[in-house]
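One chain comes next, on its own, written as structure tokens: the form predicted on its own.
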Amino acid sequence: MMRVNRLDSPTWNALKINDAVIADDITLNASGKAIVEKIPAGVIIGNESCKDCGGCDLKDAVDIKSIKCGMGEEADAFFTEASKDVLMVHARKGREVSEPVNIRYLMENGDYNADRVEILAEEGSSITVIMDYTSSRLDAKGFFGVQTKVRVDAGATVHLVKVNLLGSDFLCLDDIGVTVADSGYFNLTQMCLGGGRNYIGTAVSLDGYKASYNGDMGYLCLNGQSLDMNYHIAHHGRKSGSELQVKGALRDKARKNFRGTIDLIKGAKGASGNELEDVLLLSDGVANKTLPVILCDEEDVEGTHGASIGRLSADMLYYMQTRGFTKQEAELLSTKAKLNSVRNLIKDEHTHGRIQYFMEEAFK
């Protein structure tokens, strides 16, 4: 049993959203599933065993291991034990890498695999990393977990993209931890469309002056899918800023929990944080829980949150049906309009096409 996505500041426990429990006995049987498709100039790809080779500065990234992730200590212990090697992605000082680094995981039916990835962006560098989880079958069963730790140095920019297109009976753990230094910028774009049970934990620590974070999350839960999310954005640095936008759709018997915490810590004068969730409910049988939290220990700060939860109106559905759309087509069109605003932030045409195909197949 593993307890994950625990709130730092628990709420009324009757909501049963203070944390999540994974009761599965996870036994891994697959390894080496990461395929790095592109290695642009200015990027070093390595693993933990090369950190002392002396041929580059990867050894300087060892402190990444101390970064706290969003799923919590039990998940951290699980990944440390489950994945003995670490894939390292390193952007050199001052290098602006124009092409993305593509890391793909192809999970077959019956695969149980876990991996760890560490991303280091040195001072003044810029890098985009696309991580894509896919199954060869839409109904594939298995387990996939990945822990991603990111260090954004002063003046650096990291755009991390995560796309989940796993089979409908996969258990997926996606654990993320980030630190951002002075004037650093971390941009996270996520699309969670596949998997049967998905757990996402993200912890961002804005440590430096004018450190900033922007997160865009799009999700689709159909049939019996479930999604449990925990985002914690800690503002330590003065004039640090954060934006989190979450957009998704639920249908059939799908279940979703969202926890979003903006933590304005003493000393973060002039900091501002904002979070917003927009949920489309396509069926009466869905279960949706949204918990936005703002914690404040500083006076000169600004924090806002909001949630928009609604259904496809009867008038809109009737209008679309009079134009020749079936109810299913109308739902797909409305869902795509919501999620495409997130998909379009991913600057990779191949990934766009696969997301489009997956959504259309899922609604059949």
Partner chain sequence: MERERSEVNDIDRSLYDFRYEEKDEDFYKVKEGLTPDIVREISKEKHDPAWMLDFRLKSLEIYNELKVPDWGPDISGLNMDDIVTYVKPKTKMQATWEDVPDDIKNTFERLGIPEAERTSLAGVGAQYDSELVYHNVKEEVLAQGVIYTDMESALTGEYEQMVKDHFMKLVPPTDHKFAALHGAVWSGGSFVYVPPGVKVEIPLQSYFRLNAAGAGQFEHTLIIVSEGADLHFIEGCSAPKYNVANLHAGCVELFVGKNARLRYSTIENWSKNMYNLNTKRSICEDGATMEWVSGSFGSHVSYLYPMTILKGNDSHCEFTGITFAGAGQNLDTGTKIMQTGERTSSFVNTKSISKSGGISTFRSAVTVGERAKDAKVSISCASLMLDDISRSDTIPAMDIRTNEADVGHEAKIGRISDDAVFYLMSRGISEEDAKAMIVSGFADNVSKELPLEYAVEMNNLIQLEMKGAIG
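Residue numbers count along the first chain shown, from 1. A quick note: this is a predicted structure, and the numbers were derived from the prediction, not measured.
If you look for the form predicted in complex with its partner chain, you will not find it shown, but the lines that follow are about it.
The candidate stretches are 207-215, 149-157, 274-282, 122-130, and the one lying within 4.5 Å of its partner chain in the predicted bound form by heavy atoms is 274-282.
Proximity of Leu291, Thr304 and Ile309 to its partner chain in the predicted bound form is complete: all three residues have a non-hydrogen atom within 4.5 angstroms. Distance criterion of 4.5 Å from any heavy atom to its partner chain in the predicted bound form singles out Cys296 from the list Cys296, Val36, Ile26, Leu332.
Mapping the unseen interface onto this chain, Asn344 falls outside it, with no heavy atom inside 4.5 Å of its partner chain in the predicted bound form. The shortest heavy atom separation between Pro10 and its partner chain in the predicted bound form is within 4.5 Å. For Ala287, a non-hydrogen atom is located within 4.5 Å of its partner chain in the predicted bound form, even though that partner is not displayed. Of the heavy atoms in Leu15, some are within 4.5 Å of its partner chain in the predicted bound form. In comparison with the shown form, the Cα-Cα distance of Asp315 and Asp278 decreases by at least 3 angstroms in the predicted bound form.
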